[in-house]
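Below you'll find only one chain, the form predicted alone, shown as structure tokens.
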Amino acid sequence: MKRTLIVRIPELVGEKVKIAGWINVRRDHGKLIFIDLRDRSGVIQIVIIPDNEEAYQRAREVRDEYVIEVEGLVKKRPGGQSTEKLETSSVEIEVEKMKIISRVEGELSFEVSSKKLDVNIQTLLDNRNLSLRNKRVNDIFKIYSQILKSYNDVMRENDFLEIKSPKILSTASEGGANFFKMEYFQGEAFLAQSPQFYKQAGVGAFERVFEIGTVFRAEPHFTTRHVNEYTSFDAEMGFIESYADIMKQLTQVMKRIIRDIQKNCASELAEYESELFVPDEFPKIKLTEALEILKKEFGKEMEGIDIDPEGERLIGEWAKKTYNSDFIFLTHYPSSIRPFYTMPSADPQYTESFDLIFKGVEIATGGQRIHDYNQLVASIQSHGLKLDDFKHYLEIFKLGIPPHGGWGLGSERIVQKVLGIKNIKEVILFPRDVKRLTP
């Protein structure tokens, strides 16, 4: 008999089936044993009665997280629907045969079947192989999987070519300081902080490119929004008229991602009581305007022309109140805090760049790039960087490249804000931060 997925069982009342999975919960009621069994598709109740001596003896051995296989008859559940809101809650399986596939060694650190794991984040992450089995935690990665698919789909539909850039580099990605250095045969190398230079090379060859890839930042942060290894959604597109074309494209991308989540992950969103407000157009204001709003509306003054995490949170609240939008673009960041390749504005102290704020957190940075070779050389020098460190990068622009721009979008931050999760580490399968290299 072939294995049947649990989600299909309600269609098979009166038939004999074989299912396999993990024991979510075992409950003994008098002489009856009830087990909630889960597989990748769902959870169902199975019943073992003492009349079936062989199966009953095996059922008495098992406990939570044992892997078992059972054969039995699908029946309507006595009394109709249970109080559980499950697709399978109207049926159960009366077990005829049971096979123990794998046993649990030792004690579990917590009860996986809990609706909410009442453990601190260190325990959650130290026992990641176990916590990932909890439904609420598991739902995070179903949302994440949909986001990965949606980004790939929408980029391809807009004629972007997917690329994979190298992550081992001869120099730090952007001449910055927050890089990981490593031995590389007889020399040294660096882990990529960004695929930026390779995206721009991609524009020269393919016009429109995107990448879903890992980036590394050696930043000693101890915050709820930073990790040292994350997955970035990158894109670069040529023949733009201005940075507004980039924001328009990114708006389309984010609307598609949110729409797909709402359509395909309704139950997971409901589990987290998540509500999302996405207008047709995302509001846009200059960074300097945002700083004035912070001062006027919230009494918050920033040092210099920049915005901190609290400022982003407050601007997010203002955007929600003013535009009923969970998104807002902040534009025209100062040249002093943007990379050397960023296109300067008419007033050269500012740039044709932006950040996208989602529910009070910056999720994307982007803008137009300098495409003229001589202008780029001058910008590298004005930033106090050595031309020799960028000779291969500069070759792109010697060969001719159109006006272009793009973005880097933090995939984990999208998941975090969609579900309202406090710490970004919870939305990463096995996170890496200053103190964590395991499991």
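When you see a residue number, it is the position in the sequence shown, counting from 1. Nothing here was measured: the structure is a model prediction, and the numbers come from that model.
The discussion below concerns the form predicted in complex with ligand AMO, not included here.
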- Message: Between Arg38, Arg413, His404, Arg58, only one gets a heavy atom within 4.5 angstroms of ligand AMO in the predicted bound form; which residue is that?
- Response: Arg413
- Here the chain is shown alone; which of Gln249, Ser194, Thr88, Asn134 has a heavy atom within 4.5 Å of ligand AMO in the predicted bound form? Ser194
- Message: Looking at heavy atoms inside 4.5 Å, which stretch does ligand AMO contact in the predicted bound form, given the options 329-337, 364-372, 287-295, 119-127?
- Response: 364-372
- Using heavy atoms and a 4.5 Å cut-off, decide whether Lys142, Ile147 and Arg259 all contact ligand AMO in the predicted bound form. no
- Might Tyr230 be said to contact ligand AMO in the predicted bound form, defining contact as any heavy atom within 4.5 Å? yes
- Task: Determine whether any heavy atom of Phe179 comes within 4.5 Å of a heavy atom of ligand AMO in the predicted bound form, and answer yes or no.
- Result: no
- Message: Against ligand AMO in the predicted bound form, would Ile19 count as a contact residue? Criterion: heavy atoms within 4.5 Å.
- Response: no
- Message: Can you tell me whether Tyr243 touches ligand AMO? I mean in the predicted bound form, with a 4.5 angstroms heavy atom cut-off.
- Response: no
- Task: Counting only non-hydrogen atoms and a 4.5 Å cut-off, give the residues of 115-130 close to ligand AMO in the predicted bound form.
- Result: none
